[in-house]
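As structure tokens, one chain now follows by itself in the form predicted alone.
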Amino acid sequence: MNILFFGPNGSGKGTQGAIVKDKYNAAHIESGAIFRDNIKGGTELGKQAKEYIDKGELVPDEITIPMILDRLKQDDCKVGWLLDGFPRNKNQAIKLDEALKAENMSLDIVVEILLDRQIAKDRIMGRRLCANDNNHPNNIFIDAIKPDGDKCRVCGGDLSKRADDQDEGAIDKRHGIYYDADTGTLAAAYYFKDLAAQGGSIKYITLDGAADIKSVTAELISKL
């Protein structure tokens, strides 16, 4: 089962992806990790990508997509994979679709987590880190995991904020790219949605990202 995952920052996409990985033994592939691994490993594609990154420029799709395909061909992807973080625009979606078909690699399911932009922003800005364990979930805007004042709801440890979680400008910029249904990430998702509507082999499913984690997981598993 090969899955493409879409969802804005703050939607819980990473959490749900990890659950899918564990349940179906699918490799959870994040585009950012692919760049880091290629650059660290000194691959030819990694060297090419680093030249652009060092100049502060975007890495061309002609480098990014072959990196992704190479990763999807690795042994841990034979049972299935979940790709997260790419494509980010419609043009990349088209190129990825063409590249997968050229390699006879199937894309079975596309998942889109639906979440209001303001709620997504609140969730990011509401995240709090526990001094004892960063994996303890605390968020002042989510009732189910709301901390006890300024103390961790799990262990009572001191809480702090991540600086990037409080950068409204950066959050708005990332969300501006994601929620752009004409040229941004949602446009990429809708490209696959249109393919699914045309009766192709792709199944397109949506999830209510405003629900609690367990409810989103239950909906996801029921639709896969």
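Definition used throughout: the rigid core is the maximal C-alpha set that superposes within 1.5 Å between two forms. Quick note: we count residues from 1 along the sequence shown, nothing fancier. All of these numbers come straight from a predicted model, not from anything done at the bench.
There is also a form predicted in complex with a small molecule; it is not shown, and the following applies to it.
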item: Proximity to the small molecule in the predicted complex, single hit among Leu159, Leu195, Val59, Ala26 (heavy atom within 4.5 Å); value: Val59
item: Answer option from Pro137, Gly85, Gly126, Gly80, heavy atom within 4.5 Å of the small molecule in the predicted complex; value: Gly85
item: Residue contact check: Ser31 to the small molecule in the predicted complex, 4.5 Å heavy atom; value: yes
item: is_contact(Ile53, the small molecule) in the predicted complex, heavy atom dist at most 4.5 Å; value: yes
item: Arg36 within 4.5 Å of the small molecule in the predicted complex, heavy atoms; value: yes
item: 4.5 angstroms heavy atom contact with the small molecule in the predicted complex for His175; value: no
item: Listed range touching the small molecule, judged in the predicted complex by heavy atoms within 4.5 Å, from 85 to 93, 102 to 110, 117 to 125, 139 to 147; value: 85 to 93
item: Rigid-core frame, C-alpha of Leu195, shift of 2 angstroms or more between the shown form and the other one; value: no
item: Change in CA distance between Ala170 and Ile53 in the predicted complex, which is 3 Å or more, as closer or farther; value: closer
